[in-house]
Structures are given as C-alpha cells and as structure tokens.
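As a starting point, one isolated chain is supplied in structure tokens, in the form predicted on its own.
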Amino acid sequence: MTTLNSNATEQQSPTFGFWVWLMAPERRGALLITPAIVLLFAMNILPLMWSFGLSFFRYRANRLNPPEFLGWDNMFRNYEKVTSSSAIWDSFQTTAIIVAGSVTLQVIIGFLLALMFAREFPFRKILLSMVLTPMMLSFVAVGVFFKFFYEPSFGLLSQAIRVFTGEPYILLGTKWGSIWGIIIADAWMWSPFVMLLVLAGLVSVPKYLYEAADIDRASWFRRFRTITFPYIKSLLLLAVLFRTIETFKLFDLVYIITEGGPGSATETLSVYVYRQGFQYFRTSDASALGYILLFVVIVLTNLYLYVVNRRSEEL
C-alpha cells in the first residue's frame, strides 16, 4: 500500500509542481489579467488578423470555396482594385464633405454652449442635463428620429415649411439636402461632447487672470485670445480629433436616414464597405478597403500628436 501511494504521489508531483509555480506571488498579477487578454485576443485581435489576411486573398463569404492566395506578385491587387475604382473616390469625397461640415458645426455649437454654461444662471444644471441628452441616445434612436423629422408627408420640418410655401418639403430628395440632413443629425447628437471638453477647459482658467484683465481694461477679444483660448486649445484639438475619427467612420446615421441615397449621393466610405462586404459579398475587397480606412485614421491620429508635440516644444 505504501508503495502504491508513493507511486501516485510521484505521478502527481509534476502537475502539483506546475500549479505551485503558477500560483507563485510574483505571477499572480499576470494570472489575473490572463482571462481578459485571452478574451481580447479571441474577440478583437484574431478577427483583425483574419480580415487582414483576407485582403491578400480572393474570397467571397457567400461561397464555399476556400480563400485563394493571389500570389506574391499580385498580393496587393485587391488594394489596387479598390483604389482605382471611381466609386470609392466619390464615397471618399462625400465622407470628407460630411466630416468637414459636421465637425465644424459641432465645434461652433459646442464652443458657444460651453461659453454659456461656464456662467452661473438659474436652472443651469437642469438645462445642462437636457443639453447632454442627445449624446446619451443610441445611433438608431437618433437616426429614426431625424428620418421622421425629415419625412415630407408628416415630418415637422416639412409641416413648418408648408405653412409658407403651401407644398411639402422633401429635404432628402436632393444630394445636398441629404448631406445637410446627415450633418445636422450628427452635429445635434455630438455637439454636447465638444461642449463638455471645452467647458472643462473654461472652468479651469484661474479667476485672478480675468480680474487682472479687468484692471488693465482689456477687451473681450484680447481676454479670449490671451487667457481663455490657451487653456482650451488642447482640449479643443482633442475634441476635433475624436469627432473627426468618429465622423469619418459614420455609418449608422447615414444608413438609417438615407441608406446612402438618393442613388449614391450620401454613400460614405463605411456604407460603401458595408455594401461591398455584406450585399455584394466581395469580402476581400471590403477587407482591403477597411484597412485603407484604418490607415487614414492612423494618419489623422499621428497628425494630431504631431501638432500637440510641436505646441509643447514651443511652450
């Protein structure tokens, strides 16, 4: 019996030693974050690597054929094909117009709201909570709301214009009307985000600087240029970066409000990728285009970091 027990102990000793090694105090921290790393790899990194690999293959998700490698000489053919298409450049131009218009409108509205809420006035907290409400809504809710708002038969916009013209107004019936409809919806939703960042910079400005400016009888513009703007400049640049990246990837509002129409007038890059990948099942082309979008986002981020670092060196 003693011999059997000793043999069992010897057989279990490697496993027991492994658990003792694994549970050592210096390895407990890594052990605690291992499940999160494994989940991150399975849900994000692995699909990212798989889609990147598909951009160098010939593959359609609606067919049973396995991915076919394009060859070392033609491995970038999918990238060449999507960049040589005139449709992708039209989508890029539409996306750039929406990004420029929406971000500009968000910065202007958010900045004006921040200036208003930087002062104390009655019912300030209640009004501030109401202004922040659009940012807390989902894209689907905002998209459906504005789709009904722009509806020519019973929408509020059409009914208001009908009072003066006597005819229903179809905003989404033209290219520029549809683009402005998307810009207004996106700006309405995310202007409070810009307001919060700018407001954080405004409330951090020391009051004694304004008091000194009042003593020197400095004008409002000079106080804004020399005191206010330097404190909010970095936060304003951060807001522009975040909103530019997010608006550049805008899909939900565009697809719900216009579905890329009329025709392809509001077909942004994200809508174009969606149609290539999930409507036409050109999976490899959609993967290549998706990584082109990722490259553009990385360039925008590095451009922001370059501007911030250059400003820090000047200071």
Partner chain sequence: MRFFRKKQGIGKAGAGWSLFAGVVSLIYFFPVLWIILTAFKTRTDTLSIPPKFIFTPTFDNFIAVFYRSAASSQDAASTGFELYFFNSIFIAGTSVILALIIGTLASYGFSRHPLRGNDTYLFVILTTRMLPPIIAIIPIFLMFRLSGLSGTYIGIILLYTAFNLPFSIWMIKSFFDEISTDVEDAARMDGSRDRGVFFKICLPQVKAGLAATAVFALILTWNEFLFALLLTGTDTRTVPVQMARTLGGEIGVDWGLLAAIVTIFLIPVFAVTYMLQNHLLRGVTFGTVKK
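Residue numbers count along the first chain shown, from 1. Definition used throughout: the rigid core is the maximal C-alpha set that superposes within 1.5 Å between two forms. Model, not experiment: these values are computed from the prediction.
Absent from the display: the form predicted in complex with its partner chain. The rest refers to it.
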196, 97, 236, 218: which sits within 4.5 Å of its partner chain in the predicted bound form by any heavy atom?
-> 196
Is the gap between residue 71 and its partner chain in the predicted bound form 4.5 Å or less for some heavy atom pair?
-> no
Distance check, residue 78 to its partner chain in the predicted bound form, heavy atom within 4.5 Å | no
Might residue 111 be said to contact its partner chain in the predicted bound form, defining contact as any heavy atom within 4.5 Å?
-> no
Using heavy atoms and a 4.5 Å limit, would one call residue 134 a contact residue for its partner chain in the predicted bound form?
-> yes
Site test, 138, 290 and 293 vs its partner chain in the predicted bound form, non-hydrogen atom cutoff 4.5 Å = yes
Residues within 4.5 Å of its partner chain in the predicted bound form, restricted to 268-292 and counted by heavy atom = 270, 273, 274, 278, 283, 286, 287, 290
CA of residue 300, rigid core aligned, shift of 2 Å or more between this form and the one not shown = yes
